[in-house]
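One chain follows as structure tokens, the form predicted alone.
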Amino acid sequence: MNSKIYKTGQMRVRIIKSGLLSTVQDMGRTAGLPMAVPVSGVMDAYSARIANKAVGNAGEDAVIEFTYGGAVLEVETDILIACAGGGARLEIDKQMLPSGKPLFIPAGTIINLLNKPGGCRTYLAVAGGWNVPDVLDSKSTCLVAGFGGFEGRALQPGDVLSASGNLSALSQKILNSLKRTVVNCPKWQIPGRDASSSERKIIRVIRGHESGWFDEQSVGGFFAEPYKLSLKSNRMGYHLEGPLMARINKQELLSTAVTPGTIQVTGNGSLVLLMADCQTTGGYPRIAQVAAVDMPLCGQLQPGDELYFNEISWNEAERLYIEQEKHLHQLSATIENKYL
């Protein structure tokens, strides 16, 4: 990929309505793990990377994560953006904008985010990435600690976000090809995952270190019975309603490492699926770990959704992840070839 960087005027949007929860996120803050700082980052990394690739960014550039719809943005300058994810659709003057495509939007345009059934989160990328300070090598908002992102908090009406102004060669080519006096986009589109499909209800997991602490009936139920996402769910973790786990090993677990995707069993036998803003250590036994390839599917779950857990091996989880990365790399190469 051509690594030349082009300087351009900063593209800007103003938040008119911020929606339920809107934050600036990237791929997370792993540099803070030795200091017990949560990873944070996007809940659906696949969709965030699709949005970034559509405007010619690196996959890890900062995006805005919207939870459901209800947000309204005013474009203060001409801008090149893309959206992806299952929580909302973008509309201008009652015309729906396509996802997975670069969108040239002229200054003065109002963009509405309206709820879209089947998913929870939508990602808005801008050419060059959103310009917020790096904290521990990440631009992600850590809500539980109040730092990173835009002033360490969720976005509010009146906030103005700017792009970095450093465009990749590919971003500049896409911008040049689309710039008009009206909204414009190319014919090509990056397909996203269907958030309403039945596939997203099946979450593939690897058995956790303490899975042997529970009786066979409980473990069998974990892999056979449905669980429902509770209303008591947020970016730190999902509380799951379903069969309770019965322990046969009563020993206390010393605080041990956990990560987004870890499924813990609480003292009363219920389950918590840890998500992006989770703590770095915990004292509850770990029944399973979600395969990395399915964490984006978890990020689109809504309260009330039913999900099943399907056991796979570490080797299978690794193979699936490598396949996904190859697919994303091929998408990048295909987009670059369009602008040679």
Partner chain sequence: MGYLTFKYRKISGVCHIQSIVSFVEAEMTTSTHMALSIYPISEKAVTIAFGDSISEALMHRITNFDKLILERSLPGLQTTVPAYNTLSIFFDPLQVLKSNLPGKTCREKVSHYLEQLNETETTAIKSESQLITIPVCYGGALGPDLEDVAALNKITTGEVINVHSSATYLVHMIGFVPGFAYLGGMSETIAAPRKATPRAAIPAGSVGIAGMQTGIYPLQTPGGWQLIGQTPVKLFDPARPVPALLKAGDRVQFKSIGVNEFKDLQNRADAGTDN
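Numbering follows the first chain given and starts at 1. As the structure is a computational prediction, the values presented were derived from the model and not from experiment.
One more form of this protein exists, namely the form predicted in complex with its partner chain; it is left out here, but the text below deals with it.
J.: Would you confirm whether the three residues Ser218, His239 and Ile248 all fall within 4.5 Å of its partner chain in the predicted bound form, going by non-hydrogen atoms?
T.: Spot residues vs its partner chain: no contact at all.
J.: Between Val160, Ala107, Met96, Ala145, only one gets a heavy atom within 4.5 angstroms of its partner chain in the predicted bound form; which residue is that?
T.: Here the answer is residue option Ala145.
J.: Which of 137-145, 117-125, 239-247, 77-85 has heavy atoms within 4.5 Å of its partner chain in the predicted bound form?
T.: Among the candidates, contact is made by 137-145.
J.: Does its partner chain get within 4.5 angstroms of any non-hydrogen atom of Ala291 in the predicted bound form?
T.: Residue-level check for Ala291: yes, a contact with its partner chain.
J.: With a cut-off of 4.5 Å between heavy atoms, is Lys53 one of the residues that contacts its partner chain in the predicted bound form?
T.: Outside the cut-off, so no.
J.: When the contact criterion is heavy atoms within 4.5 Å, does Ala257 count as touching its partner chain in the predicted bound form?
T.: It does: once its partner chain is placed as it appears in the predicted bound form, Ala257 has a heavy atom within 4.5 Å of it.
J.: Decide whether Gln279 counts as a contact residue for its partner chain in the predicted bound form under a heavy atom distance cut-off of 4.5 Å.
T.: Yes, Gln279 lies within 4.5 Å of its partner chain in the predicted bound form.
J.: For 291-320: residues with a non-hydrogen atom within 4.5 angstroms of its partner chain in the predicted bound form?
T.: Sequence-ordered list: Ala291, Ala292, Trp314, Asn315, Ala317, Glu318.
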